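Only one chain comes next, encoded as structure tokens, the form predicted on its own.
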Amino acid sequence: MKVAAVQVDVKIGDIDHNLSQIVQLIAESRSQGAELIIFPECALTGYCFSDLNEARQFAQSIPGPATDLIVKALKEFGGYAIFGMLEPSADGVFNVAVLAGADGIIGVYRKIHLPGLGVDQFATYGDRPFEVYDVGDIRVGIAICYDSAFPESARTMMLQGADLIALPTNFPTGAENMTKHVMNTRAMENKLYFAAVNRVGEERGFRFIGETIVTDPDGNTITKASGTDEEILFFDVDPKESRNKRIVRVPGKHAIDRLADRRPEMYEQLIEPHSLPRPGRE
């Protein structure tokens, strides 16, 4: 499958502008043959809201006005899209990534790991587990930004059969090592494709570093964007490469299997609840 990773700037609080940009870039990506188009975190709304009350003004139900227009565009142009936005929660907002196609909403992922930055300082913790979706002939898992700092996230989706993990993100200054090292590592350790789709520009004093990166199942960088420019990166996902977890380097002498060589019975401590306070959320 041909996939597009769309690195753009976003105008905070200007849903009409951001929505128009998303629709235009869906059309452009489809004209180049992309079947799946991935946009950054909070591509519809912006990210650096000053407080919860401000963020609430830009949260929309799913399905709702914005997702209806994106689905309409997908009916016209075809394909699938993953894009970030805010969804109302019982006590505030969820930071979400939506997967949509011509027939409507396929899935909604609510961000599970929340850093002390931007809207995530007061967003509601995601209440659904990681999930993998059938998108054409490939299987796609979805996470958002800070989730990638926790290897359990990608591992969970690998175990569900993900060929590609789509990571809409808003990596700011200070997160350079995520695009230099972490995405490649997540891809290699799970033997799957990984697309971290970042934004560029500045928002209320924060600069976003761009450097959207796509890696292959061996951890190699397929393509990477600049740190400043709006760009569309195109790449292919071959499920034969992601689904064969066995790597034979020397027949009969050297083989590894990223799935079969696991020892989950030795990892029990990973799922024990912790009692550490979450900063700002005690």
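Start at 1 and count along the sequence shown; that's the residue number. Predicted model, so just to flag it, every value in this text is computed and none were measured.
Although it is not shown, the form predicted in complex with another copy of the chain is what the next lines describe.
The shortest heavy atom separation between Arg246 and another copy of the chain in the predicted complex is within 4.5 Å.
Taking non-hydrogen atoms only, Val200 never approaches another copy of the chain to within 4.5 angstroms in the predicted complex.
Heavy atoms of Lys75 never reach within 4.5 Å of another copy of the chain in the predicted complex, leaving it off the interface.
Glu268 belongs to the set of residues with a heavy atom inside 4.5 Å of another copy of the chain in the predicted complex. Not one of Gln21, Thr45 and Gly136 places a heavy atom within 4.5 Å of another copy of the chain in the predicted complex.
Exactly one of the stretches 136 to 144, 97 to 105, 77 to 85, 118 to 126 approaches another copy of the chain in the predicted complex with heavy atoms within 4.5 Å, and it is 118 to 126. Scanning 242 to 267 for heavy atoms within 4.5 Å of another copy of the chain in the predicted complex gives Arg246, Arg249, Val250, Lys253, His254, Ala255, Ile256, Asp257, Arg258, Leu259, Ala260, Asp261, Arg262, Arg263, Pro264, Met266, Tyr267 in sequence order.
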